[in-house]
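The chain that follows stands alone, in the form predicted alone, written as structure tokens.
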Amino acid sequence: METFEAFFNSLASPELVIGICTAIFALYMLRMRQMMQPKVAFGIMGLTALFFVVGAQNHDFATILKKGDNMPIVIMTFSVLFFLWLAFRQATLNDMRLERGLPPNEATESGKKVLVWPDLVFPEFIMTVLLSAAFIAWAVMVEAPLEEPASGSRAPNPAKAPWYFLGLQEMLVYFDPWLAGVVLPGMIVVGLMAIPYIDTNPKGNGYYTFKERPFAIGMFMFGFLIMWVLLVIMGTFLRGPNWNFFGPFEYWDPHKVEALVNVNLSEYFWVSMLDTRMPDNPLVRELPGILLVLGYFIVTPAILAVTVLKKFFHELGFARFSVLVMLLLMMGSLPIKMLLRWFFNLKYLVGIPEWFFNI
């Protein structure tokens, strides 16, 4: 048991957790058909369940698991694993049919009529009753995670948002609040609304497939699984007092102190590289970061339009392609900022606290 705990605690750093999960995600995308075999998929789910069962023998991990507001995360973990397998399993079966010149499975059922009543409404009603009973039993058996009234003299440590906002709270480690709490969530909502207008490719409409839409599906799943679900899990099990990173079987010591040596890009440029004092004018001081950010959002789209995304540029046109690339760059800014923080201790590319503007 000690070896088990020590092994997983040794992996408990944000760069390792996200790096390993990204590698697993890439393996899933590249070896979709092998990974979607029932024995492989259910084996992974079984190992995940075994991890929770064995890990629950540890007092500290069991304390986290038993918290009422953490139970939805455990349910979410297995729900995501199962329904991803279910969807991608149907996608791989359809891809194999299409390779043989056969229509997708959904097309063979197009002639069958399904009535709203009773074929749809009746099963939904039964599920509503069953889920209501399950939620009532849950509410009776599990103590609500209520604390004492809020007080300015005593704040909980760690002070965590509700579980469905833990992804946003994790973003606050790497971005200023106006970006992590307003701009990025807003771009997510706008991006989801813009998808039907950007992506007009008829392939994949009405049936499951992966081979016909690898880029669209891969990018969406990376954003959902790595940039959202994983951040929620990290915020639940690995972020402890003072928002420090802890191993899953490590005691949450509120006195743990981690040295923060994060510096801004302007300090690297003026002090470390040029060996001079930083200018007093904020715009001059942050000019390297401003040029870098502008280049990321102006030069990068032009490069992508003539290289790896050349096909999309011709198919979508300038306007829709520009919206698509801006959304992709906004999503890519999160892992880029994470890498800069982990490997270069970089806090902000542009830091103008005088104007409350930090990137």
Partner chain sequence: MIAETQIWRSIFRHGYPSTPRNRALAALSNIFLHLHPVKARKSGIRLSFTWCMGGITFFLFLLETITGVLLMFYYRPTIEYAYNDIIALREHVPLGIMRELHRWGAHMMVLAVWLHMLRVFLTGSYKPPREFNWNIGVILLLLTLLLSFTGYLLPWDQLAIWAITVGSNMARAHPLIGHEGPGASLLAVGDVALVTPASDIRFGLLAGRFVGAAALLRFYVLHCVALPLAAGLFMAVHFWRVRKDGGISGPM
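Positions refer to the first chain, counted from 1. What you are looking at is a predicted structure, and each value in this text was computed from that prediction instead of being measured. Note that the rigid core is defined as the largest set of C-alphas that superpose within 1.5 Å between two forms.
Note that the form predicted together with the partner chain isn't included here; everything after this is about it.
Looking at 240, 282, 204, 248, which has any heavy atom no more than 4.5 Å from the partner chain in the predicted bound form? So the residue touching the partner chain in the predicted bound form, by this definition, is 204.
Answer with one of 154, 277, 100, 255: the residue that has a non-hydrogen atom within 4.5 Å of the partner chain in the predicted bound form. Selected option: 154.
In the predicted bound form, does each residue in the set 173, 184 and 288 place a non-hydrogen atom within 4.5 angstroms of the partner chain? No, the whole trio is out of contact, none within 4.5 Å by any heavy atom.
The partner chain contact at residue 168 in the predicted bound form, heavy atom, 4.5 Å: Contact with the partner chain, yes.
Although the partner isn't part of this model, could you tell me whether residue 160 comes within 4.5 Å of the partner chain in the predicted bound form, counting any heavy atom of the residue? Within the cut-off, so yes.
State yes or no: in the predicted bound form, is some non-hydrogen atom of residue 199 no more than 4.5 angstroms from a non-hydrogen atom of the partner chain? Output for residue 199 is yes: heavy atoms within 4.5 Å of the partner chain.
Contact with the partner chain in the predicted bound form for residue 262, defined as at least one heavy atom pair within 4.5 Å: yes or no? Answer no; every heavy atom of residue 262 is more than 4.5 Å from the partner chain in the predicted bound form.
Would you give me the residues of 177-195 that have any heavy atom within 4.5 Å of the partner chain in the predicted bound form, in order from first to last? Heavy-atom contacts within 4.5 Å come from 177, 178, 181, 182, 183, 189, 192, 193, 195.
For a quick test of reading the superposition: does residue 118 move by 2 Å or more at the CA between this form and the one not shown, rigid core aligned? It does shift by 2 Å or more.
Align on the rigid core first; then say whether the Cα of residue 281 has moved by at least 2 Å between this form and the one not shown. No.
Classify residue 137 as shifted (yes) or not shifted (no) between this form and the one not shown, where shifted means its C-alpha moves by 2 Å or more with the rigid core superposed. Yes, the C-alpha position differs by at least 2 Å between this form and the one not shown.
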